[in-house]
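In structure tokens, the next block holds one chain alone, the form predicted on its own.
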Amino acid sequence: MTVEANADTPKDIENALKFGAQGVGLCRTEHMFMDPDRLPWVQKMIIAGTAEARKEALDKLLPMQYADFYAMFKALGDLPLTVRLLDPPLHEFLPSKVELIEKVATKKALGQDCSEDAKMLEIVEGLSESNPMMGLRGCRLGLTYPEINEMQVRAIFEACCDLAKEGHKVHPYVMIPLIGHVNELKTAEDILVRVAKDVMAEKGIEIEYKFGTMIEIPRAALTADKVAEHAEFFSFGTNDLTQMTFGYSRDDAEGKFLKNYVEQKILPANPFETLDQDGVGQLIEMAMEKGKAVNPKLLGGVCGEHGGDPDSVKFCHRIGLNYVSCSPFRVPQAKLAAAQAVVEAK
């Protein structure tokens, strides 16, 4: 079992390699869009009322994403890089609803023109969700606006093809996030494989790649045999999988009752820090067994924060996962735990 790192920038990769990471198991592309130079185009992409307006914003973002991926794949050398396609709750990129209400009210009171702010407020209110973490995010975003995923896949494969032409070895793993039904994966995969093939034809070079999915919803784990017909790897996002399995909102639970639960021994540990092996772990183990029964070459790994927790790492080794991925600074701890797991197994 290899120990990889979660990395979103070339600087993250530099740190990861320094600490001995054997690849990048999770690159969260939404973190690349928070740059102040990019945010206006990201907002334009989100609020675009037409495909044409969205394309204009995506055309501006494409070279930025290309530069991101070119630098990251080059920095990694011949180690694998798993890129998770855009997975944000959209409100994170938009102006604050409260601030917009204040702006509109103030301008109205002063007799100033507030039409632009009022229009933006209307858009933000239209996009607001009762529970954004379970709303229009993950693969749902890419299926609602497929041109977003197409832009990202084009950027990944253009960068990889150019690097391959320069003599670099590249190993792109493209991950479709938050699927709950196999048809979500199948629909997204059909679109993205077409884009990948188009880019390779344009560049006149073939590169090896893998398409897979992030399993964060219990239903995806329960139907893993169907999912494995369309995925070459499963990456278990154990943060969200824990939330979904326990029915806990992490932000609320950790601030309200989890500490008390651990102190009273209602729970043996905080399940967001140490993997719940009986429940969440059982879903992971079952998903891999069902998946490998259909696709024996299926790869599996964990990319949540549990990837750096020693007890969780040892569990991942025991059930035969191929890798764990954690923050660069937790890589040494994870590598030690992985080595101990091998010794203990003997």
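Just so it is clear, the structure is predicted and the values come from calculations on it, not from any experiment. In case it trips you up, residue 1 is the first one in the sequence shown, and so on.
The same protein has a further form, the form predicted together with a small molecule, not shown here; the description that follows concerns it.
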With the partner removed from view, which of 40-48, 58-66, 302-310, 279-287 is the stretch that lies within 4.5 Å of the small molecule in the model of the complex, judged by heavy atom distances? 302-310
So in the model of the complex, does Thr213 come within 4.5 Å of the small molecule, heavy atom to heavy atom? no
Any non-hydrogen atom of Arg137 within 4.5 angstroms of the small molecule in the model of the complex: yes
Give a yes/no on whether Asp87 approaches the small molecule to within 4.5 Å in the model of the complex, heavy atoms considered. yes
Would Asn239 show up as a contact with the small molecule in the model of the complex if we use heavy atoms at 4.5 Å? yes
The one residue among Lys314, Arg28, Arg54, Lys292 placing a heavy atom within 4.5 Å of the small molecule in the model of the complex is Arg28
